[in-house]
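Just one chain is shown here, as structure tokens, and it is the form predicted alone.
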Amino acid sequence: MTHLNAPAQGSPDLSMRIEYWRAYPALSSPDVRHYGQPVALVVATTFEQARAAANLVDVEYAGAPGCYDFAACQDQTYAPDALIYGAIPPDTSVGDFDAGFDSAPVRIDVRYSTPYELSQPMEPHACLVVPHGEDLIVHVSTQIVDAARSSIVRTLLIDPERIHIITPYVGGGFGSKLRIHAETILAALAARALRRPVKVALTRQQMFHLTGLRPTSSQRVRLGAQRDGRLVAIAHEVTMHTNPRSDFIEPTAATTRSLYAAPNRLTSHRLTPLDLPRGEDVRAPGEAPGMLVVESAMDELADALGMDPVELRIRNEPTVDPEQGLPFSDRQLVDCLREGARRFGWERRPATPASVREGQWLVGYGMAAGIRGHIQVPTTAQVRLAADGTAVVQTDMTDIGTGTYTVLTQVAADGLGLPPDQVRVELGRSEYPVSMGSGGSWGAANSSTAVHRACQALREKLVAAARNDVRSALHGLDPAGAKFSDGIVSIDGVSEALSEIVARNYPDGVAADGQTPAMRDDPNYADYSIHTYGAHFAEVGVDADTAEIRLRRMLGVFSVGRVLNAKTARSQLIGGMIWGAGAALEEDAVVDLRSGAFVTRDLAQYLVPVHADIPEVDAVVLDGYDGKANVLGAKGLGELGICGAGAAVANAVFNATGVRVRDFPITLEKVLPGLPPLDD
């Protein structure tokens, strides 16, 4: 199958605000937009036959010039209309930044660069499509079931009822599976044409060109402060790569807008079009590269002031959101900073860079703050009680290894007063109530809120039924005092088994739906600035001869509202911190400027942290409850662990060596020339 014989397909509707639901045509044109783009699909009855046949395909190309060099193409940079999802303005301005910056007695004006990065989940992207009459059963690893279904429907120009998505367990995604990609469309096209099941799996090398990447960026940060450390001006200006035919804009400077107080402020985002794969969401899109840079620049300001980096941040703590002027729903950033400093032993931090040696190793401490907005998205869940008193939770929400099954079991069990082993959670099918799936740290809090509300609606139904049932021990009692516990419903000391109420009144079972509204429909999100917060601390050792960098320990202290499950929360935060360390020290997708190919397109050359790279890592979550976020008081936390983590590592490298690297990742050749001379 090539563009010459592939079926007609729908085109992406660019008016759709969130792109995951758009059509994603494949083999629809003879034009090759970037290196690695599929130009043909070969289907055979065995894997070996398919690979052998694919190698026999002869492709002729008509060459055309391409632009692959980010630095060389800056003359083509332009301003976007909006940032990610079309909901965030690309530029903001408060006060008079230029005047404020020029008047500041202490000024930092630095430019940092971040590389292309990729999600690269351990589980490669793959899809199995099984025809069933006129229907297609699609087994695909996707983070958002409804988006996958919509994208396939719009691409194949097919009745939505004919597409059935099944993805009970996703595996790793990290943003790369928020939308479907070419392998899913190709499998669906071939299965429909052949009337046989078709499986398409990407190789690891293909994933580097076909599943999206974090854009490379150049970021300028300017900080103007009084000599006591109080900021009078802050600017964060970002330029990143994009594909000329399909914009993707990370909100890299967006979190800077809410982080520190300063009367004069400026943020901006610009795009440079390159003939490379388009950018897509990579875990903590925008916040991860933005916090990496801003928190490194804040460390530079602390060094210029001769001030403790923790104290500098506390001194610039805002009382309201600095740009929106809104009160914070709940903000414990200072508590995170102080508790982290206490637990880490920050008082032992070397005050002078490159001043502490342990044998061959230069030792340094670094820290950084973290912030990430909490996102509320529309989510629906249904909870059904059977006559035997067992409950089933259904939603098309997904589990990407974050513990969705566990958390929703807990919420439903608590909401209905049932033991957890009497609750069954069913996820990841397009026939279930629609959610926004897992991504953007929105999954657990939003799906849990929907399940909680479904349980609340069920309780009201059951208590009303019992109160009006003359056969019930609860007949005529005030429902306001009803309590559900251990499968029993009790009012004023009178109790009855939950199963008995259901069996008498709803012999076929009873169900209720619960919803979480979109942010735009919840007044709290217009009246409050709602975020999560953290403080990162890191210790590194740097070999005085070779500049080899070894992370020794990391600590993160976080404020995320109510924690739904302590184990899964800690695991997510530690995973994010490790991701941040990788961004600071290792991850770097290198482009061949002759062809636009990524030359580091396997996990031997595109480095990510492995066991030997990561020593003691600890994550601590402060007690909290943010009632403005939702009824459970919980907020998303998975990506918060990344935000600022890399900067803490980078700042520790500076503290150890006195070398400030502004071109990430921090590698040997960038540190070695600036190392202090060895003692005799």
Partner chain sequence: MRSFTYERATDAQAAVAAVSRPGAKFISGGTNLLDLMKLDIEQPGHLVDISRLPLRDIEELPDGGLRIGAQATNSDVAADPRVRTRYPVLSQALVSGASGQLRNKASTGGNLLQRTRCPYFYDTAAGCNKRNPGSGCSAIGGFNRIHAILGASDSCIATHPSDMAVAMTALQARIELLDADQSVRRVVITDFYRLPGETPHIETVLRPGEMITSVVLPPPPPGRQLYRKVRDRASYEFALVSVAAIVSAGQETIDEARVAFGGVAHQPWRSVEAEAALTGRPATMATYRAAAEAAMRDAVGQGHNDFKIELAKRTLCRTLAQLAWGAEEAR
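Residue numbers count along the first chain shown, from 1. A quick note: this is a predicted structure, and the numbers were derived from the prediction, not measured.
Although not depicted, the form predicted together with the partner chain is the subject of the following passage.
Visitor: Does E60 make contact with the partner chain in the predicted bound form, using a 4.5 Å heavy atom cut-off?
Guide: No, no contact at 4.5 Å.
Visitor: Heavy atom to heavy atom, is D592 within 4.5 Å of the partner chain in the predicted bound form?
Guide: Output for D592 is yes: heavy atoms within 4.5 Å of the partner chain.
Visitor: State yes or no: in the predicted bound form, is some non-hydrogen atom of L14 no more than 4.5 angstroms from a non-hydrogen atom of the partner chain?
Guide: Close contact is absent here: in the predicted bound form, L14 is far from the partner chain, nothing within 4.5 Å, heavy atoms only.
Visitor: So in the predicted bound form, does R601 come within 4.5 Å of the partner chain, heavy atom to heavy atom?
Guide: Output for R601 is yes: heavy atoms within 4.5 Å of the partner chain.
Visitor: To verify the annotation, which of these, D543, E500, D247, D303, has a non-hydrogen atom within 4.5 Å of the partner chain in the predicted bound form?
Guide: If I apply the 4.5 Å criterion carefully, the residue I get is D543.
Visitor: Of the options I578, V608, A190, I491, which one has a non-hydrogen atom that comes within 4.5 Å of the partner chain in the predicted bound form?
Guide: Among I578, V608, A190, I491, a heavy atom within 4.5 Å of the partner chain in the predicted bound form occurs only for V608.
Visitor: Among the candidate stretches 45-53, 645-653, 23-31, 63-71, which one is within 4.5 Å of the partner chain in the predicted bound form when only heavy atoms are counted?
Guide: The contacting stretch is 45-53.
Visitor: Select from 360-383 the residues with a non-hydrogen atom within 4.5 Å of the partner chain in the predicted bound form and write them out in sequence order.
Guide: Contacts from 360-383: Q360, W361.
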